[in-house]
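Same protein, same chain, two forms; see structure 1 and structure 2 below, as structure tokens.
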Structure 1
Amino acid sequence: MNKFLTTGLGAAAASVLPAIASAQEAAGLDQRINDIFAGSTGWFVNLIFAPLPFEVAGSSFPWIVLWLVVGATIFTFYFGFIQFKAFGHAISLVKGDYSDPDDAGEVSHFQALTTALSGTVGLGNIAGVAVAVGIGGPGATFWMILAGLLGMASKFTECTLGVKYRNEYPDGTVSGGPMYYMTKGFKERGLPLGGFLAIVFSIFTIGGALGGGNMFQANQAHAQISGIVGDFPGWITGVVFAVVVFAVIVGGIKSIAQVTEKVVPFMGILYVAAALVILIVEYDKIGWAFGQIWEGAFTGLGVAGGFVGALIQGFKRAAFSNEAGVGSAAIAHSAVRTKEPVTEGVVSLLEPFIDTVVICTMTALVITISGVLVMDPATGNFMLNEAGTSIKTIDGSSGVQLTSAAFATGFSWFPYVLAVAVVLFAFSTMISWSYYGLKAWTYLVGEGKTKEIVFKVIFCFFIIVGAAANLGAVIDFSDAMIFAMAVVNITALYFLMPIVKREMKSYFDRLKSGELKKFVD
């Protein structure tokens, strides 16, 4: 890694830093860029996140969230509640009980899981949950958990297809994901437009990777670091992240997996352990907190719009956090070593469970128990009470502030632990999304080392830009592109889910008959 600190990207980054610094100093440049970009792309952002044309109990519901939740519900029933039936087998697969090292692929089941998790476990688990609870009340947690459980079926569907239709190359590398099962799966079923859907999906993936997958992460990580150590230029944070990320991703999926299999468990355990300490200190309030969650889920517990408001906030946070149905995870899971596509579909069931049911719920419990929430009598919403004031507008930044204040109720130094978690979450998300963007890039322009390096350098350059600038419209646009991926992906899944059902039946019949046995080295 030290090699890359002094050569390669480090030298390239050093050559562009003066330009970035001078751009930062130019008065109003960020705002001008923001206005221009918003003017040309605002229609797309508004389209993806537009509310349904009707309100329920005074609350609006973004159609893209409904699209994700309905898809997850359909897959849950179609596959016979596979997320519950196969949960135990998923753990056995992650442990390596059925893994043959001679199977085609590049990473183990555990490495594929941690790589995909690193792309979903991020700032949404910290800031996003706080926003959901702050607006929707504790009851939002119940609906968030339900949506997470349903999303497990979406992951199963897309990741099974990702492995089944991946490309395997003579050098042992593989490429897979929605763009491949759209092309091959549609052709197999005699359906038109598979290639067109694959191209559209790839374009959305590249846009999402360059914005939401790195610029937003770098921007928020810098905000957290500067909040702890004091204000300093964002490009410094960007360069550090860019160099470290490049040093990891230049080695491909194997290098990424080797990092994520260490970072993801560490950051997950660190964050959950910190939350558990708070819960242990306030153990006498845990029963009360679950009561608040249950009551708020169905009565609203003072939330504007009643329980529908809690339901909407919970579903939104789960959908935006675990990305079930977006198709991104299928790209990571496609690299697994296996000859049975269903095995990786089963392993992927664990992602929404860990991301939403465990980590997001821990955040919600800490916020509820800590007592940092007060109700705004004017709106009926829960707000952060800090130094006698309340935040009237809850967004991503104040969401982090809310979570930080909740953790500080246990020990004053806990926000520092949270800052470390934020940096790790941002870093892991960036390296995973670099792989997602890369595979979409190579699908469009072709495979090849030179083509891959070009994308990786571009990706790391945008990390620097993201940390240095405040380009809100760019980030809004990239978020919209990520969820536009879900529109294309779930459409394809509806047409291809009979293939997954056939694969599922074959696999579990052979497993039950004893034809598939645990691998013995």
Structure 2
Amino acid sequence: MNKFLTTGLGAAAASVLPAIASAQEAAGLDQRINDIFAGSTGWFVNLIFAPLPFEVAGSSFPWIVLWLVVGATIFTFYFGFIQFKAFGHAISLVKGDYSDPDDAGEVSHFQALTTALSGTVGLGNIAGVAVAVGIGGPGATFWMILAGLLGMASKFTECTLGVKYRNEYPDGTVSGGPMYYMTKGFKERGLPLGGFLAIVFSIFTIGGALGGGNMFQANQAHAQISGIVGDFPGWITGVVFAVVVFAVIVGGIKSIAQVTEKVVPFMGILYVAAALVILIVEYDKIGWAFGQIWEGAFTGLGVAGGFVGALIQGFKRAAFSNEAGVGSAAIAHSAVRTKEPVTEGVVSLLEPFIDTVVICTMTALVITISGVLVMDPATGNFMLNEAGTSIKTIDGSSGVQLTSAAFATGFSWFPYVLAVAVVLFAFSTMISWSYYGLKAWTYLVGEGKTKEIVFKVIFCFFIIVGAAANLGAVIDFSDAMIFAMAVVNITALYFLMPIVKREMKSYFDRLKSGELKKFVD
């Protein structure tokens, strides 16, 4: 452990020391990383976000957004609105009502759910929502909630399959995720190309782990810190983060991860509580805010791209925040101890609900009510910034700083709390995604200590890149990679959904007949 730690630190120090030599050179390094980054990822971003050949209401529509929403809608209908029908059952599963007491000590439904949540609740809920509302106006919230509700069915599908087709090794450890249901599930149904899909998915997962699960996090954490202590080069934040993440995932310093895992849920609760307090204080504006959300959803209230702009932003941010259909949750949920894969699918549908329908909506309401978005009192429409790309804000901020400014209207000290929350959320998301990325990596190159360390070192390097690159380039790349995972994953889900339906029917039949009983009185 120490050997890796010191050589790792040494290498990191060696690579940044020359840069510290002069401040001018350091700013240059920032810019250089940025240029290389934007230049080398641009083509992929363009491919994923290519607009549909026709225009909707005078504005272009990226095909990928349609892909996700259509997928979620199909799953919703195919499984007969499972997200509403099984909602109550999901809660009793999480409470442990159906857990066999003899399995005590194994991973519980609650643990699988919270672990998966700590990978998704994070900057998407804070910064991502601000981006969506900043560009698409409050109306984006409506589409975000809708996408969240539909996404619950996608999660159900992928997590059921994740548990059903996971690998259980002789030593008692488990590995699961889309790459396993792609290979095993396709084989079971006699379909070709399962192995090919698994490889493509793994490649994109590694990209997603380095993008949304890493660089986006580092970037927004840096933005938040520099918003408080003043501007300083991004690579400094990057190096600090990289060293701590390195210590945890390579050095195996569990205590840091354990502390984070315990502090992060409290941060989440604190965040929601703060939002609630602001909403309670401004309760007279809640009706108005929902009016804005409703009206904006169908008219746009003057935002760039009109209502389609609001819709695209809402759908995009919801997908990025709750990752429904992406496949990452299938990796996180597959460790649960259960004889019934459907139970974990049912539990997992709570994830988009908590993440998007509850937490994202809170953020959006606070931003809308706080008045940080500038309105034209004459028309009731929002005013655009000089470039005409997003809504003008009172202090010109966007992303996490916009959320920060919105919360600061309620509590002046909130930006400090938010800074701590952002750093911790960023950190826990990085730890989660380093695991997802690692699973994809070992699927491709095989298991082994050295191979794992190679990936972990690459992962840490990208933290520095992410903190130094500017937000636009990072968000675009993160989105592109995460959505690319969804292209492969949802394709596989279409082929495998009859298996899920069979499992679902059998499970709920047995539940109804009383064959499956609660263990608590």
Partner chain sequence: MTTSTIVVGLDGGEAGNRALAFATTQAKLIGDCTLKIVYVIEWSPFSFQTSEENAERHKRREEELSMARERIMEPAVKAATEMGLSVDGIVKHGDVSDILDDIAKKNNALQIVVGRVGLRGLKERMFGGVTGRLAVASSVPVTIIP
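Small disclaimer: the values here were computed from a predicted structure and weren't measured. Each residue is numbered by where it sits in the sequence of structure 1, with counting from 1. Take the two forms, superpose them, and find the largest set of C-alpha atoms that agree within 1.5 Å; that set is the rigid core.
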Choose between structure 1 and structure 2: indicate the form predicted on its own. 1
Could you tell me whether the Cα atom of residue 451 shifts by at least 2 Å between the two structures after core superposition? yes
With the core lined up, does the C-alpha of residue 219 move 2 Å or more between the two structures? yes
If we fit on the core, is the Cα of residue 84 displaced 2 Å or more between the two structures? no
Report, in Å with one decimal, the C-alpha displacement of residue 251 between the two structures after core superposition. 10.3
Value in Å for the CA shift of residue 228 between the two structures, taken after the core is superposed: 2.4
